[in-house]
Structures are given as structure tokens and as C-alpha cells.
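Quick heads-up: it's one chain on its own, the form predicted on its own, in C-alpha cells.
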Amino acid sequence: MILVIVDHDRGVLDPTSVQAISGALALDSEVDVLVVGAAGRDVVGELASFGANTVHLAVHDSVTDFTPVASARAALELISRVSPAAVLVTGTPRGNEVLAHIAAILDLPMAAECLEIALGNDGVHQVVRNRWGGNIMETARVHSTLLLAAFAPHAVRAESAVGTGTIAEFTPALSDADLAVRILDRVGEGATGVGLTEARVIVSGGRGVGGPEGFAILEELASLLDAAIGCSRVVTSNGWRPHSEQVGQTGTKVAPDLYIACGISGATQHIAGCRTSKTIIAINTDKDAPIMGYAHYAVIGDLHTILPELVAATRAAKE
């Protein structure tokens, strides 16, 4: 049996976390799922549609939002009871954090950024994983009786499957130290529009946009395409856009049907975040920019001239 830890945000399932369920089902027909927090009850039906059999729901009065060490402690309690062959997550920031706590407490190795996983019967497992921002793939052996591994986001496509979705609720034993790091409150502007992780189309801007005001035309195009806005690291570093929109190794890894990169040179860390897009269109004045080597279509020119024409053509096509 394989245990998969999935993530939800106050009862809304993280769409990338279920990818680990599909990855686990390719390794073992019996896959259980751990969900932490009472709001996880809202996602059980959805988890069953991805093949989850028993959904272990860890509920504690002090866990009302993301609490990483508490989630790890709940997982450890469950591991000792069900003895899985592996514990898998999708390597989102939250998924990686919880799995890293489990590995540290058990003093076991953790394999991150996995593209492929092969379980071994002798405690020696093989993984293929991204290294150096996805520029190379490493095949490695992991020596551990319990494999702790994180799939790279979008390395596995989430597939529908039939699971029983049986709920097994328990209250984990937690100490004050387990609750020391947790989300207490959320302030600021709420998220609007289409999120990066679930967006089928992303319009993304880089240094070439010129400044925060330059994103107005990108937002207009995104609105016409029902797309999300993305950006490069330099854009967030300059304060032009929020970090939540950053695509890259230190931002969000995406896999849309269409990724339109405007004025983005294509640094290694950015390519690591968007290279799994089905189609990449790059708009740049530099025909030798690194992103051109990954783009399916390249438009050589000034985005400030090209985008208004693209917006006009898109609007005309929708009328």
C-alpha cells in the first residue's frame, strides 16, 4: 500500500496534489490518502474520483489552517499504523515542507523533484528526478525501507479512477511545539481570476514589459483568453507584480495548454517553471534569447507593438 498526502486550502483541493495519487496508482493498486484538517471532509468525494480508497482524515481542534509540523505528526502516526511501502506527495511548496519534516523526524532520505519512481522489494528504490532547474535528469537509488518521495509538479497527469473514498477519521496526538508554526490569519487582497496552477492559458511578462504599467496590455489579453497572468522573477524582485504570479523554480511550476511569454529572456529558473507547457509562444526582440530554444512558436519583435495587434485580432475573433 502507498500513502499519498494531499493538500487543500480550507476545503478547496490543491489541483496539483492529486497528481501524486495517479503516480501512486501506477505503482500499487492500493492507495490510501491523508488529509489534514476538518475542512478536508469537503474534498473526500473528489479524492475518490481520482482512485483514493481509504481517506484518512486527521482532525484536531487546533488545526484550522496549514500547520506543517502537525501535518507531519499526523502522517507519522498513520504510518506507524498502516505501514505503507512509500509516502508520496506532489512537490508543491506545502507538500515538500510536510514531507521534509517527516524525513527529518524519521532520519530518512527524501527524494524530491521525481519524474519517475520504481519501488524496490529489497529497500532499494530507483527514481528519475530533475536536477539543476530541470536542465538534467538524474537516475538515483534511494536506500530506505520506507520511500519518501515528491513528484515534480505536472510530472504525472492526474487521471480519473474509481476509489471507494471510505473515510477513516482520527485525532492525532499533537504537542504545543507541533503547533508553533501555523497560519493564524490572512490579510490583504483576496485572489481573483484564474489561478496559475489550474490555468489552461497563461500570459506571462518579463523585464521587457518595461514596468508595472506595461502589464495593462497583458491583462487585457488575458481577460480575452480567460487566462491567468504570470511573470518572471525579475518582475517580482522589482515589485512590479506579486510573488504569487511568479512562474519558475522559486515560484509556481505550471503546465498550461498555452503559455505566452512576453519580454522574457528565459533564465534557467524560469524555464524550470514553464517547460511542461503544451505550447509556448515567445515574443521577444532578441532572436537568440534562451527561451527561443524552448518555444514552439517565436515572434521576433517589440511586444508593445505586437500585443495591441494581438488583442485587437482576438477581440475581433470573439465578436
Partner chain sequence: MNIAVCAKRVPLSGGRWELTADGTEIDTSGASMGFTLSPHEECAAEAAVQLVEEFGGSSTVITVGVADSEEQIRSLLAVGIDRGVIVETDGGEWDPQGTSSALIEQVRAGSPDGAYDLVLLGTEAADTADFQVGIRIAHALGWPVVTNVKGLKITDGVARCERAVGSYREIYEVSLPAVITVKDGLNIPRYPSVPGRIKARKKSVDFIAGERPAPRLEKVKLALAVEEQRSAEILGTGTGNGADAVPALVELFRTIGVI
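Each form is matched to the other, and the largest set of C-alpha atoms that superpose within 1.5 Å is called the rigid core. Note that the structure is predicted; figures quoted are calculated from it, not measured. Residue numbers count along the first chain shown, from 1.
Separately, the form predicted in complex with its partner chain exists; it is not shown, and the next lines address it.
Partner proximity in the model of the complex, defined as non-hydrogen atoms within 4.5 angstroms of its partner chain, places exactly one of 80-88, 211-219, 161-169, 174-182 at the interface: 174-182. Contact check for D122: every heavy atom lies farther than 4.5 Å from its partner chain in the model of the complex. At the 4.5 Å threshold, heavy atoms of R200 reach its partner chain in the model of the complex. Using a 4.5 angstroms limit between non-hydrogen atoms, A118 is distant from its partner chain in the model of the complex.
Although the partner is absent here, I281 is a contact residue: one of its heavy atoms lies within 4.5 angstroms of its partner chain in the model of the complex. The single contact residue among L258, V44, A38, L27, judged by any heavy atom lying within 4.5 Å of its partner chain in the model of the complex, is L258.
If you take 282-319 and check each residue for a heavy atom within 4.5 Å of its partner chain in the model of the complex, you get P290, M292, G293, Y294, A295, H296, Y297, A298, V299, I300, G301, D302, T305, I306, E309, L310, A313, T314, A317, K318, in sequence order. Annotation: Cα of L25 displaced by less than 2 Å between the shown form and the other one, core superposition.
In the core-superposed comparison between the shown form and the other one, the C-alpha atom of D226 has shifted by at least 2 angstroms. Positional change of D61 between the shown form and the other one stays under 2 Å at the C-alpha, relative to the superposed core.
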